[in-house]
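We begin with a single chain expressed as structure tokens, specifically the form predicted alone.
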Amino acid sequence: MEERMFLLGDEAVAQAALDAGVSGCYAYPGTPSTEILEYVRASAQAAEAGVVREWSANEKTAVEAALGMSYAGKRAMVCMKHVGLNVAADPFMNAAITGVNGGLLVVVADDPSMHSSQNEQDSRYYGHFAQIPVLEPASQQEAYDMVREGFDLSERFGVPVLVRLVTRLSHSRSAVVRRERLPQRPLKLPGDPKQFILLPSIARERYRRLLADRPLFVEEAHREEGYNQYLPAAESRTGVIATGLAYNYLRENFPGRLPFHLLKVSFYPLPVRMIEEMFGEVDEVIVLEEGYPYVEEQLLGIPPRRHPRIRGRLDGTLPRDGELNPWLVGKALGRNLPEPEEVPGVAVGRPPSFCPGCGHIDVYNALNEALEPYGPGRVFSDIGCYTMGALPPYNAINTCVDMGASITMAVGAADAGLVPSVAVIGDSTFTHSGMTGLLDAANKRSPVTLIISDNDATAMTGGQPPSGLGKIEQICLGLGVEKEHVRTIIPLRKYHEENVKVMKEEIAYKGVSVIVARRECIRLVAARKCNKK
């Protein structure tokens, strides 16, 4: 009897990897991908099988660890959100050149509409850039099946495979049918001992091999019973290309027989022959895809004998930004749909805010007072719960760009003459991307003050343990900050005057100083008390 599980899209990915005999899962937490490794870490199946399941310092180190496990012949998976792939781009791109030994999946969860992100970046472009296969599931079942097959594809073609998720798929549930559980691969070194040595002479040969394999990927895109399917309609002059989750929105509008030609795309590179067949039978093609107009742009470059009109996000048929939904898709396909009614609210909308009792509150109250003599515009922040210091009543920070940018932007501002400059960063973000910036500052003796708001957790994504737990001061000293200017405070209201004094002293110092504001995340404290009960 087949086993069914009710899983989030993220959980379907995790369970599929376990059932496919994965030996190692590596990740850095980031919504909407966090639940993948959370599921693996909590899995009794993973524990029984001895699966390595670790939070890495950042996405780059996660990809490199997974590539190392692949080098040893075992299956590995690395997971991140879309902006994390920017951090991991160096090993990701080069892994396409080295190729793999054991199957390697790079699972990236994109966040259209920026529910918890700085941009809407579309990871399919990275797959295209690296010239590797990309899988984009339309459902939780497809997510499970594609991860299973993705490992096979990776080993068959000898390259990493990118699996692209989006927020609505990652965070919605559906029934998933499991398949047989496979054993882990044995330890096995690469047959070519120079495969992973990217000296230019070897890299050139490996790159030529990648280019030579591209036609194999294209043939896979056309495989009968594969994930790309072309369904012609006898009497229609309209074609629809639906990718990934957008296919579900299409089916919500047309649950039965479709009145137009349909090409469902879930495997890239694009199935060019299927597209050319559709082009020969239609006058217009409407492209439905979450994220950027990736497919739409590629269609414009296909030179068939007869090119139909292409419609989608580029020409305004669909919005250029944000998520799709059934109403937008229905309108684009000509359905006469009433304007969607606003869902009545049961409570007045509120902006995000710190948890009551959060240590970041006391950090910003002290910092605002310490900086008052210098005027506004001097605080460079980073990504985490503390970013809410930008909001009233604190209005305490002036920037938030990317992981680690607080320190380096403060250094650049100080170089420009904005002295003093202050950077605020969390403990997990500091070890993710902030340490190199602090090294630059220490080498230059920049007149900047770094406040590390240390709550012993990667709090915004669920409280995962940070890589630098219990080591922050030692790291700062090792990077060259003078011992007398690495100071620790406790961000509590009763220590407010003392904390303001410390901040004023270090802000006035004409060199690099670090203030570690250490107090455990209030949510972790509350959870621990509940567990004791």
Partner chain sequence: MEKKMKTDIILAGVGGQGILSIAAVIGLAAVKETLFIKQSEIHGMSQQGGEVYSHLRLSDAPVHSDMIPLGEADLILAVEPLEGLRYLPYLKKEGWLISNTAPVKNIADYPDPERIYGEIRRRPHHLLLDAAALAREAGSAKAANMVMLGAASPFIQVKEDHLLEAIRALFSRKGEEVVETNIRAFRAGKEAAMKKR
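Numbering follows the first chain given and starts at 1. If you're wondering where the values come from, they're calculated on a predicted model, not measured in any experiment.
As for the form predicted together with the partner chain, it is not shown, yet the points below apply to it.
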Although the partner chain is absent from this view, report whether residue 249 comes within 4.5 Å of it in the model of the complex, heavy atoms only. yes
Contact test in the model of the complex: residue 245 vs the partner chain, heavy atoms, 4.5 Å: yes
According to a 4.5 angstroms non-hydrogen atom cut-off, is residue 174 in contact with the partner chain in the model of the complex? yes
Contact label in the model of the complex: residue 385 to the partner chain, heavy atom within 4.5 Å: yes
Position in contact with the partner chain when the complex is considered in the model of the complex, options 154, 167, 433, 98, heavy atoms within 4.5 Å: 167
Candidate from 222, 444, 320, 115 lying within 4.5 Å of the partner chain in the model of the complex - any heavy atom: 115
Spot the stretch among 312-320, 454-462, 408-416, 210-218 with residues whose non-hydrogen atoms come within 4.5 Å of the partner chain in the model of the complex. 454-462
Using a 4.5 Å heavy atom cutoff, which residues in 351-386 contact the partner chain in the model of the complex? It's fine if the answer is none. 351, 352, 353, 355, 385
